[in-house]
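Next comes just one chain, in C-alpha cells: the form predicted on its own.
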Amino acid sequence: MRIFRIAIAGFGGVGRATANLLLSRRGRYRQVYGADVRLVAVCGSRSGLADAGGLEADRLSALTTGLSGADFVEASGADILIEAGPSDFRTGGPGLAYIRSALSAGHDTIVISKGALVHSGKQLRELAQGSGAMLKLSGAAAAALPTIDLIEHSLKGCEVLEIEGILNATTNYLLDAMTTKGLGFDAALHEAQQGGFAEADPSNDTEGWDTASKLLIIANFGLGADLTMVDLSVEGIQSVTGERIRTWRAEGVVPKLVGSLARVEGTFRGGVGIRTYPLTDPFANVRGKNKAIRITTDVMGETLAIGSGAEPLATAAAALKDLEHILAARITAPIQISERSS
C-alpha cells in the first residue's frame, strides 16, 4: 500500500474542515486506491504541528507557536500540499510562498485560496510543468460548483465560446434578498453577516473582485488564456439601489452579478458586472447562496451547472476531490468498490 503524506498550510475554518474530512475518509482511500493517506503537518501563520507517523483529529487543537512557513512544511516530509490560507490577489500572499516551494520540489499541490493563482498563475503553471507536479485548484474556482472540471473533463475536445458565471454566493444572496424581500443593500448585508456567510469586510465580494479572481482562474487554468486583472472590467453591486431593483422587477427581469468570458477572434475578453435575466432563464432562478456556470461550446452547445454546499465543508470537499484525482493519477490501477463492500 503506497503512503501519501499530506500537509495543510492555512489552518482557519477551511483548513480545519479539510483536515477533519480527510481524516474521516482514510478508509475510503485505502479501499478505493490502495493508498495510506497520512496528515503529517498542519500550520497557520504562526503555529503548527507535524508528525511523520500521521496526525489524528484529537491533536489538531494543540498547535505549537513558531512552527510555520514553507520550510516547516518541507521538513515534514509531505509529498502533497493543500494550501488553504487567506487570499490576497494583489500580493499572492501568504499562500504563494508555500505553493512555490511545493511545486519547485515536485510535490503535487492543491490550492484553495485564489490569491496566488491570480497573482502568479503563469509562474506557478510553469513550475508545475517543469517539476512534473500536479497543480489542482477546484476549491479556488467556485468550490462545490464544478467549473474547471467541466472544461477539462466533460467538455474535453470542444472549443469554449462563452462562459457566464454566478460565482460568488454572498453577492447572489444579497441581490436575491433585495429582489425578493425588498431589503436595501445595507439591510441585506447585515442579514448575511448575521447568518455567518458574509465577511465583516465584504468589499472583495460586493465590489466584484472575488468573482473576477475566480473568472481569471477559470480562464487561465481552464482555457489556457493569459489574462490579468487589468484585462477585466469589474463592477460590483454596492451601488444597486432600491429604485433600480423596482425598475428591474417592473421589467420582469432578475439581476445577477456575473463573470463573463467570450472568445473574440481567437482570444478571450472578460468582465464582471450586473446582468439581468428574464424569469424563463435558469440564471434568474439561481437563488440565495447558490452559484451557477453556463458554458457554450462549438459542438456540445450549452452546458449549465447550478449548486452550492454548506461552507466550509463544501470547499474542503472540493479540495479533497482534487486529492482523489491525484491519487487516481499516481496509482495506476485504483481498486474498485464492489457492490457488497459499498
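Nothing here was measured: the structure is a model prediction, and the numbers come from that model. Counting begins at 1, following the sequence as shown.
One more form of this protein exists, namely the form predicted together with ligand HSE; it is left out here, but the text below deals with it.
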| property | result |
| --- | --- |
| Any non-hydrogen atom of Ile110 within 4.5 angstroms of ligand HSE in the predicted bound form | no |
| Lys114: touches ligand HSE in the predicted bound form, heavy atom cutoff 4.5 angstroms | yes |
| Partner contact for Glu311 in the predicted bound form: ligand HSE, 4.5 angstroms, heavy atom | yes |
| Touches ligand HSE in the predicted bound form: Thr147 (any heavy atom, 4.5 Å) | no |
| Triplet Leu167, Phe197 and Asp205 all within 4.5 Å of ligand HSE in the predicted bound form via a heavy atom | yes |
| Candidate stretches 205-213, 123-131, 180-188, 149-157, one within 4.5 Å of ligand HSE in the predicted bound form by heavy atom | 205-213 |
